[in-house]
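This document opens with one chain alone, in structure tokens, the form predicted on its own.
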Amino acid sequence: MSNYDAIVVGGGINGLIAGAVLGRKGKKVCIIEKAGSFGGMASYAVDGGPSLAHALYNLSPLALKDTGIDADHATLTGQQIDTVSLSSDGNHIAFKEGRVYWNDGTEHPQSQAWRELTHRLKTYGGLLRQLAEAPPPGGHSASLSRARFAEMLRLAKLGVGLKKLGKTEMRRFLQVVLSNVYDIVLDDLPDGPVAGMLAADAIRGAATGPRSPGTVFNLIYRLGHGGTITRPAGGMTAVVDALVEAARAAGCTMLHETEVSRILVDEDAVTGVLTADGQTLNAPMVLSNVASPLTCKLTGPSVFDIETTRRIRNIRARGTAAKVNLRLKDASPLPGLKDELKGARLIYAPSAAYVETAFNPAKYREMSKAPVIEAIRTELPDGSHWLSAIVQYAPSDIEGGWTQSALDQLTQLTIDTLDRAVPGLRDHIVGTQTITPDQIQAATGAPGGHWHHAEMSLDQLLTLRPSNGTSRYAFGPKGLFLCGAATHPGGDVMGLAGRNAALTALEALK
């Protein structure tokens, strides 16, 4: 038996950050990962191909600072990636340096309207970021006076920020925040590739379409954290390696290829974990980086009341995003794209209406025949070149299951769609990999293969994430906390869920 102050179950990004934060606060921590390497979905790859996460989406400087690697932040995250909205007529649109350009370098006529819209949404998102960087409001006991005061101060700052917007803009914020991205974007922009790019960003990884209520909240949230998408120096492996090193520097014990078979509970308080190989690791505090249904299974449902168990079972986590990796024969620029844009993020979403139409088949457990695609070109350490694509919609519960025929169909649809926008791309492809949501679930434990572990919908956000009554990281028995992407403020490789959960656990100990 080994004794620790805290055990973190699951060595993904949030688990590594939670462990490092606790270690830097003087706690003896053990981080346990089932897979052969740390990083979770951020580093999961098949047969030497690109990892599931092919870029960094809003990795929080605040979360990094609390792990002790703030000084390396700029080097770690790398350079921001420009975005190109692909068009089937070859007249692609580039988003760079806060403006919109045609493929030939001339400024797009919608550039100013796009700039004003995104500036407004970033302003709204900046207000919401204050909520993301701390546990959701409410739930303090009387003894936690310091935490209560900090929360009141944070909410007061949010109120002052809203007031500074002015009466007209504040009303617009309240109108916009719960609306759908389709209506809000088309209020300011004609439908087309510019609007399509914003719609695609709002639904990335989600089982929703742009007309679904609350989708503008997702876009505001992402833009509020900077909306930056960067290519890490050294790839996602370098990011995971840096976080692993930070955890080790904080004194954490790192166990990989070790599966937790049980979270031990005695008299409604956790006492540690039991591993599949028979080890008992003792700790009065356990932070689980796996989703709440699996955490509930590890403890046993008897430690939860019936209503809590019902809510956990009804958390929606239906993955609709697949990963299709296309191996390229060399480093040649893709046909029709300017050389300086060869490393850009490529979006195929010709219009907001196209994105909504792409979502329709997923409602009926079918893959989209005209998918929304985000693709980034990447070079792996072995010198191979890939076009790494996130493809929606490819539902985890597809009718008939993900047979080899369905896999082949999804791969071909992806190639056909990209080849229409980039004619001749097909001739550059020498190999393919397709990773479906059910494979993601089997490999990482993410429910439904969902990239955020739980849908980012209005009824599963803030004080309702992952469910009503379990939103402030504490989960069931005393000493058990959730710290994964299914908790507030959600996924997108921000790392804030792990950081917030660790600080909440420390506050509870006091």
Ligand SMILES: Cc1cc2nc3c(=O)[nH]c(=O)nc-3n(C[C@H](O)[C@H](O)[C@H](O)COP(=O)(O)OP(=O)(O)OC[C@H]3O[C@@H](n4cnc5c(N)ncnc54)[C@H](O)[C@@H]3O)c2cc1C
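None of the values given here were measured: they were computed from a predicted structure. Throughout, we count residues from 1 along the sequence that is shown.
Absent from the display: the form predicted in complex with the ligand. The rest refers to it.
Of the stretches 22-30, 470-478, 456-464, 46-54, only 46-54 has residues with a heavy atom within 4.5 Å of the ligand in the predicted bound form.
The contact with the ligand in the predicted bound form, taken as any heavy atom within 4.5 Å, belongs to 321 out of 285, 372, 321, 185. Only one of the listed residues (254, 76, 415, 298) places a non-hydrogen atom within 4.5 angstroms of the ligand in the predicted bound form, and that residue is 298. Contact check for residue 258: a non-hydrogen atom falls within 4.5 Å of the ligand in the predicted bound form. The ligand is not shown here, and in the predicted bound form it never comes within 4.5 Å of any heavy atom of residue 312. At least one heavy atom of residue 10 is located within 4.5 Å of the ligand in the predicted bound form. Using a 4.5 angstroms limit between non-hydrogen atoms, residue 42 touches the ligand in the predicted bound form. Taking a 4.5 Å heavy atom cutoff to the ligand in the predicted bound form, the one contacting residue in 15-31 is 15.
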